[in-house]
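Here's a solo chain for you in structure tokens, the form predicted alone.
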């Protein structure tokens, strides 16, 4: 059956122009942000990275975004514990960075409770070893093997304050999606959106209301403008936070929060 595509309207064009302005602002913001220090991964081997995604430009931009948000006062002076969740954690570098720098600024911040999921069992082993070495409070970290957050939807409903997601965003044939080894970290199917699209409703279900925030890596193939419209239908707004060119693609950290 032929796919139906609505003709773009003048309203769409105006919003697209606004989106490009937001992208430009995100690029300027990324240039000004100091490079965030990577957690130490010397305990991992080349064999580990045959099965688990090795941190790269997208990881670096995500931890830069976390650093930017922390320096901006993310959840400062809040009293009750904050829950963070990383979907498809791989080495868990973003989660570890968040935890290590949670109290680095002068504001009071509450206890941070962290969860991380991955469908790849080797990734969870690597993530656990990273946390044991780099996290001063590893007992506040829980790992769950599942697809996205499927096993946590009931327990963490409306409880996640910070959600981190570096998804498989590479455009691939759909049949490459659904693996449980390293291919699960990059194979995104058509437009790199098959896994991202499945995550949208879970993000809406999990985020604490009204203060929960999600940080999502996208590339241009993912059609972020249309993705933002999908989130808007669920009462969430998605905006570019940091944006940077890496090799032949432009990576963007999208910030998702309640309207």
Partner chain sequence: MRLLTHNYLQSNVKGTEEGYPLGIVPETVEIDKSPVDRELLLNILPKLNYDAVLQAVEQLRPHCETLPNLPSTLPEDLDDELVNDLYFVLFDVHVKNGCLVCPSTQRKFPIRDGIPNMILHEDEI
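Everything numeric in this text was worked out from a predicted model, so none of it was measured. Positions refer to the first chain, counted from 1.
Omitted here: the form predicted together with the partner chain. The next part is about that form.
When contacts are defined as a non-hydrogen atom within 4.5 Å, none of 56, 84 and 85 contacts the partner chain in the predicted complex. Proximity to the partner chain in the predicted complex, taken as heavy atoms within 4.5 Å, picks out 138-146 from the listed stretches 138-146, 67-75, 164-172, 88-96. A residue is said to contact a partner when one of its heavy atoms sits within 4.5 Å of a partner heavy atom; residue 80 meets this definition for the partner chain in the predicted complex. At a distance threshold of 4.5 angstroms between non-hydrogen atoms, residue 184 is out of contact with the partner chain in the predicted complex. Among residues of the shown chain, residue 159 is one whose heavy atoms approach the partner chain to within 4.5 Å in the predicted complex. Residue 102 falls outside the set of residues with a heavy atom inside 4.5 Å of the partner chain in the predicted complex. Annotation for 151-168: interface residues with the partner chain in the predicted complex are 151, 152, 153, 154, 155, 156, 159 [heavy atom within 4.5 Å].
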